[in-house]
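Okay, here we've got a single chain as structure tokens, the form predicted on its own, with questions on binding and movement later.
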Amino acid sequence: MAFNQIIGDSPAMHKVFNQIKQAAVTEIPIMLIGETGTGKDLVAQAIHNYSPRKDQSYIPVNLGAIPTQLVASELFGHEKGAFTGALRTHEGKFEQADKGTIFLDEIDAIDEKVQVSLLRLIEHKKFQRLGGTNSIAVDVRMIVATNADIDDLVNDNNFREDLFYRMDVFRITLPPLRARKTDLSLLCDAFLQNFNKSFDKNISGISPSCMDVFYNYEWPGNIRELKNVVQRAVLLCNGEQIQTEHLPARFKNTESDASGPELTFTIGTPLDTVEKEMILAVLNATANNRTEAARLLGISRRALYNRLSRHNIK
């Protein structure tokens, strides 16, 4: 399933979807925690889209991509002549986001001076441009994100505790891809469809052996890495299915892991009973993910549903 362009059907992602809905209807600050590539930007956008501010501006800012000396100017703006090179007045991101939402990614990257300015803005809903004397009032919903262990940064006095507590009102932790591998099939199908259009191809799917490699890989780059891998594979593939030969070199040594729960049956057990128990075991192992269960059983989703009906499995 897709929730505002966020793809997932695992229990971990359903929890995230519920938290997005809870967060969206409030005005409290939100902190998103998650590794690089887990989709924090999509979650922030979804919160805005479901909020009462959805018709107002949504301003995303990647603080880690801005030189440290320019962060304050980007966020709060500056007056003409505020510093060398300030040839005209510049409106900052908070002014652009007035009445809407601002998303500050990599919040851990800002220095002490900017932290103080942010703290004042949160407390008073006002700020001053660099080189300015007039206070500018803004009404902005703030969402921040980090891939760092911000709790440790606070404990080590590398991030202001008072600012942290004002930002960490409602926390949403995004699971890494290795913790939601039952979503791999859904994600791959979506990326394959998109890149088929982009490259004007008609690749029908990803081979079982290739999917085995995916399921046994740890995905340190998370969903962003998976998207890039599928994009590359679609570009290289000239057949009907993506094969392991279309994967980057780092996947070549990923061996299939056949370990997992084992089922044993006494000789003489009816075949229908064996089939039913196998289906129940696979559904349990995949958290009732029908797409993944069908893949592991080596049958189509339609065939799986037929067997569920025949065995009266709800």
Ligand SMILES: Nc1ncnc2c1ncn2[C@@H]1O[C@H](COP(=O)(O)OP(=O)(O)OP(=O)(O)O)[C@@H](O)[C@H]1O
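The first residue of the sequence shown is number 1, and the count goes up from there. Take the two forms, find the largest set of C-alpha atoms that superpose within 1.5 Å, and that set is the rigid core. In this text the structure is predicted, and so the values were computed from the model without any measurement.
In what follows, reference is made to the form predicted in complex with the ligand, a form of this protein that is not presented.
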Candidate stretches 269-277, 22-30, 53-61, 37-45 - the one whose heavy atoms come within 4.5 Å of the ligand in the predicted bound form | 37-45
Please state whether every one of the three residues 5, 105 and 227 places a non-hydrogen atom within 4.5 angstroms of the ligand in the predicted bound form.
-> yes
The ligand contact at residue 129 in the predicted bound form, heavy atom, 4.5 Å = no
Determine whether any heavy atom of residue 187 comes within 4.5 Å of a heavy atom of the ligand in the predicted bound form, and answer yes or no.
-> yes
Indicate whether residue 147 is a 4.5 Å heavy atom neighbour of the ligand in the predicted bound form.
-> yes
According to a 4.5 angstroms non-hydrogen atom cut-off, is residue 180 in contact with the ligand in the predicted bound form?
-> yes
Checking 94, 159, 191, 214 against the ligand in the predicted bound form, the residue with a non-hydrogen atom inside 4.5 angstroms turns out to be 191
With the ligand left out of view, which of 223, 206, 172, 163 would have a heavy atom within 4.5 Å of it in the predicted bound form?
-> 223
Note yes or no: does the Cα of residue 302 move by 2 Å or more between this form and the one not shown after the core is superposed?
-> yes
Out of closer and farther, which fits the Cα atoms of residue 302 and residue 239 in the predicted bound form compared with this form, where the change is 3 Å or more?
-> farther
